[in-house]
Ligand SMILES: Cc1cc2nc3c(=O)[nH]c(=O)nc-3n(C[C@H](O)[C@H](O)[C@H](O)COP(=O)(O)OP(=O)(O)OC[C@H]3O[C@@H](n4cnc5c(N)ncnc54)[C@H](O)[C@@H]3O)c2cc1C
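One chain is shown next in structure tokens, namely the form predicted on its own.
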């Protein structure tokens, strides 16, 4: 290694970290890149894990980058390796007792799933989180013989579990503490539409309730006793109760931590040369004019591209509108982009509902500017590009104009 070469260290080989590594190699062909992963796998497609659990894709189709790709791009990959500490003064990341010096460091460590704290959960071999490849394989194996399964939580992870359970022909119960799925983002009518889609797939949804106790036999949960007194017999439990961000590595470094790692619109933290990207980044969005975290695949990829430029000495600003789309059971879909009440309570909403078509559209405004959109229903994505353009350009709309925006269709 030449001492004049720039040295980059990336902690986390998810979509943000690996995209950054690829970008750095293109921008700086002579540099050294060290990439750490605490899993034993090269980059895999996390949004392909639900189809893998449903047995709709093969395991080999989920892997995006193999070891040979890293070798070809001269990326020094350390699998199954945890970085122990960051020495800011020395500008080095330590793993297995060895220091890896850096000119720029990226933390793209994401979050870890919160386990159920209900009595009986700890140590039960059929209670699973759903975040990683190993989780997916373990749940899939359990579903081979399961007759009944319970998904816990009102999150997207819990939905994906419930959908997978039902698709595998298992009697499915979905238990959530709130009054509806994604209760911080969706209103009552949107929640009703998701409930209809769940019922059509014969999912039993239990609202305003949560696990009281897990009953176990021979190390496995056999019954879920809810706080409302409902007893559900089960062979498998999937837990989707949110994530805890992996920020402990930065303890004592001076990097600010709030809901995630605080960084600017260049994804650089308060400590020069240390960057954050992906789920763990509490980044500044110049379009929304606020800091927040966004745990989506698309956003992770966008972060990876931006942060590579800036780690290499450039000056690129994040400017995307975060978005995601998903199938909801067999007969529904959802598309969301920009802000929603989950991120700001002061947004004003207009909405349009077509019960016959099972379509729902909500537009969220902040100070006369379109800030975000939620679309539910197959064939209900028309106008998306116009909405995105309006958000990016910060176009203003008087209250009298807002209802007409619901009819936007031409892209």
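Everything numeric here is computed off the predicted structure, so don't read it as measured data. Numbering follows the first chain given and starts at 1.
Although it is not shown, the form predicted together with this ligand is what the next lines describe.
- Although the partner is absent here, residue 34 is not a contact residue: none of its heavy atoms lies within 4.5 angstroms of this ligand in the predicted bound form.
- This ligand in the predicted bound form comes within 4.5 Å of a heavy atom belonging to residue 108.
- Proximity of residue 163 to this ligand in the predicted bound form falls outside the 4.5 Å heavy atom cutoff.
- Using a 4.5 Å cutoff between non-hydrogen atoms, residue 46 counts as a contact of this ligand in the predicted bound form.
- Though this ligand is absent from this view, in the predicted bound form it lies within 4.5 Å of a heavy atom of just one residue from 198, 274, 83, 224, which is 83.
- Out of the listed residues 329, 207, 284, 324, 324 is the one that sits within 4.5 Å of this ligand in the predicted bound form by at least one heavy atom.
- Only one segment in the set 141 to 149, 245 to 253, 213 to 221, 182 to 190 has any non-hydrogen atom within 4.5 angstroms of this ligand in the predicted bound form, and it is 245 to 253.
- Scanning 4 to 29 for heavy atoms within 4.5 Å of this ligand in the predicted bound form gives 11, 12, 13, 14, 15, 16, 17 in sequence order.
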